[in-house]
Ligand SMILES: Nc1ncnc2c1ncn2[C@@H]1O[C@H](COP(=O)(O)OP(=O)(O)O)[C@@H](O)[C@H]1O
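Before any questions on how it binds or moves, here is one chain, the form predicted on its own, in structure tokens.
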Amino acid sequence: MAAQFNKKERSAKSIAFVHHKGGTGKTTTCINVAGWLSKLRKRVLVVDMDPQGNATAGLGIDKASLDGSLYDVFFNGVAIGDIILETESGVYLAPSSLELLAAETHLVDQANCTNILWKHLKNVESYFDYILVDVPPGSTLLMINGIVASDNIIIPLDSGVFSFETMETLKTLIVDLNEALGVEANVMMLLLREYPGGGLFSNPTRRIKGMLAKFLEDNDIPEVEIVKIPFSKKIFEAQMRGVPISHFAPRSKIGKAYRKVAREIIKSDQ
């Protein structure tokens, strides 16, 4: 059953969680930031653009029980408001489904295929304070739709060299979108997930952070903050429970880290 919601005084601020590489923590970051924004009394919509549907599952929704998903919105004429669900944590969700695997083929034949999500979100943005878009990896039309529909992007990374190296690919995509479509993808912050373990194993995180700082400086965006996110098994436990860390272990080190990110987002919007 679709959620019920009332209009807000102003339209939502939209943020896409983006990285060209998979496994960098896009979904984990998206749902945990959403949880804290909700706990801080903001009305939040998570848009799950990944066919894997991890954000949908991570917010406690059984994908097999869905009556509709973003696939139906994009290709079957269903209004996006009719598929939005309210989850246990109070975060609202536009769920994904495996049917989105076929989206690339269908989208390429549509006019203005890069701003389809943007057009649909226009119909519900006045009901929320924040819309958080979880995009799939790779330079797909689903990913591009997520960037085009957002005011800002947050880039999660792990403490690995491959995650850093694909920053160049992501930069190229952002530049191309600006040149081809006039889209300005404003990078809000980089979230660097710490390498698990201590002692010598903390070095990769410090080295990657230094490399990221130089990357930002070389590309004339040194003002973008790099926020370290601690490794924690509590994230796995929260995902198994189907709730964000804000509702599972808010006082944990990882819980406080995501709370800081949520507060920075709110502060930047004031």
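In this text, residue numbers run from 1 along the sequence as written. Predicted, not measured: the structure shown is a model, and the values here were computed from it.
As for the form predicted together with the named molecule, it is not shown, yet the points below apply to it.
J.: Please pick out the stretch from 206-214, 219-227, 62-70, 23-31 that is in contact with the named molecule in the predicted bound form, where contact means heavy atoms within 4.5 Å.
T.: Among the candidates, contact is made by 23-31.
J.: So the named molecule isn't shown here. In the predicted bound form, which residue out of Val44, Val243, Ile235, Met49 has a non-hydrogen atom within 4.5 Å of it?
T.: Checking each option against the named molecule in the predicted bound form, the one that comes within 4.5 Å is Ile235.
J.: Within 4.5 Å of the named molecule in the predicted bound form: all of Arg193, Gln239 and Tyr258, by heavy atom?
T.: Spot residues vs the named molecule: full contact, yes.
J.: Although the partner isn't part of this model, could you tell me whether Ile254 comes within 4.5 Å of the named molecule in the predicted bound form, counting any heavy atom of the residue?
T.: Judged by the heavy-atom cut-off of 4.5 Å, Ile254 is in contact with the named molecule in the predicted bound form.
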